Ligand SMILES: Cc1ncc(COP(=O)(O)O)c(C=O)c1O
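Just one chain follows, in the form predicted on its own, and it is written as structure tokens.
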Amino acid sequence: MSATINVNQNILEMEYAVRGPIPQKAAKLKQEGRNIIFCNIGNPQALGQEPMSYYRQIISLLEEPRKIARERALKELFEESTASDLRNDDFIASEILDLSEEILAKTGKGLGAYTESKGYFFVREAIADFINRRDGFAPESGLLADPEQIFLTDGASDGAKRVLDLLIAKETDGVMIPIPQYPLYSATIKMFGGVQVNYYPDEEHDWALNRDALESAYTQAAEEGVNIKAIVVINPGNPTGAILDEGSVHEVIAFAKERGLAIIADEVYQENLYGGEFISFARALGDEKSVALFSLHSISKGFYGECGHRGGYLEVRNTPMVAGTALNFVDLLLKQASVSLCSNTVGQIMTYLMVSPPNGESSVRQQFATEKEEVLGTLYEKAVMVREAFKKMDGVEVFGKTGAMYLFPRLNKLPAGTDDFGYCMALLEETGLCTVNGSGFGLKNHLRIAFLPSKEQLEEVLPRWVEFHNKYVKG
């Protein structure tokens, strides 16, 4: 028998529901030949969403630069030929070839070399320009994003972990997170040995935030000896999909200012609005200098859905000083990033493309716009289909405007002796639909579904879900 070994107890106790027992059971059923629809995670391309042509064409050229010259040569041969059945559309557009060459020149050595620890400077410049455009920051405003305050990360999760790793210095250090919450935050706080402090958005008022709920959570934790250092806000929400209104955003800022807290703003779903309005925390913060803000964005969501390429950024505003040193927080983030040398370069370039879409009236721009509208329009149509199915389920309610990639219905009529975990497991075994129980996000008697399967799959499975549900709640 192998010798035993002691390990980090925090990691042993850490939980991550979106890849927990229900998805694990789903994977086994799939291996047994069952048709499983994985709606447990926001992984669009795994469920058939096509990647954006613009992104993939450029990445393919950057990964193999010789293709640029070859593509031009082939197109010249085509233009000189009178017998070819090919069309101009069969070739990569000159605009994309030119842009690929420009990006390669900016990288210096191509994508196979390490970058600065913060990431390519030209990408961080582009991110700063994106933030300024998005939030309407003019040069004279004094609010312009600074490329030196931006870090390129392997997805937004990486950025969140870096910040939390630095903030949690003692076992009494706490971080406020919304309940329900994305398990990244509960798991990471646990991993780093901190204290999770729960606060509760108002479900029946579209998951709005109010000062009383924030103060109540803070006061209770402080009375228990917790030193609260930051508050996490996810907007649009995960798992709820709710879009925070302007009042809620400003309420958080006022609360953070009064209590001396940093804000960690997880804004990876800012493109998934479906007619709603996104207000960034950077914009709402304005010229308020007393609140540290850590903003996160990612290539994994929106209409791009490039989860596997692991790209994103962390922007820091109002950088705090580090107690007992002459260093500030960004200095330590840089030290921390240097240990990993840099984030992956394909993810960095994907982030560059995310914040630098094609402009003008070219065919490339038109195709990009068409594909973007198709993805977002289809996502909303699928959300409507799922919401309509809920209306046919006894005792099911869903609150909030549709945002992100999720719906988080409340199950009001679960039979005595059952819970949302049992419901979701039975739903999986009966219909092949893999969801995540609400208690995995901290709120019982709910579930989260990602509305990512094809419309054809939803048309097939939703009636079976309705039938299953109405039988299940009757006991």
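Throughout, we count residues from 1 along the sequence that is shown. Computed from a prediction, not measured in an experiment: that's the story for all the values here.
Not pictured, yet referred to below: the form predicted together with the ligand.
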query	finding
is_contact(P178, the ligand) in the predicted bound form, heavy atom dist at most 4.5 Å	no
Exercise: Q348 in contact with the ligand in the predicted bound form, heavy atom 4.5 Å	no
In the predicted bound form, L184 touching the ligand (heavy atom, 4.5 Å)	yes
The ligand contact at R310 in the predicted bound form, heavy atom, 4.5 Å	yes
Listed residue (F151, Y352, W207, Y269) with a non-hydrogen atom within 4.5 angstroms of the ligand in the predicted bound form	Y269
Contact assignment for the ligand in the predicted bound form, among T188, S343, T402, N238, heavy atom within 4.5 Å	N238
The ligand in the predicted bound form: contacting segment from 155-163, 219-227, 134-142, 356-364, heavy atom within 4.5 Å	155-163
Output flag, Y120, R124 and S295 jointly within 4.5 Å of the ligand in the predicted bound form, heavy atom basis	no
Members of 290-307 lying within 4.5 angstroms of the ligand, judged by heavy atom, in the predicted bound form	S298, S300, K301
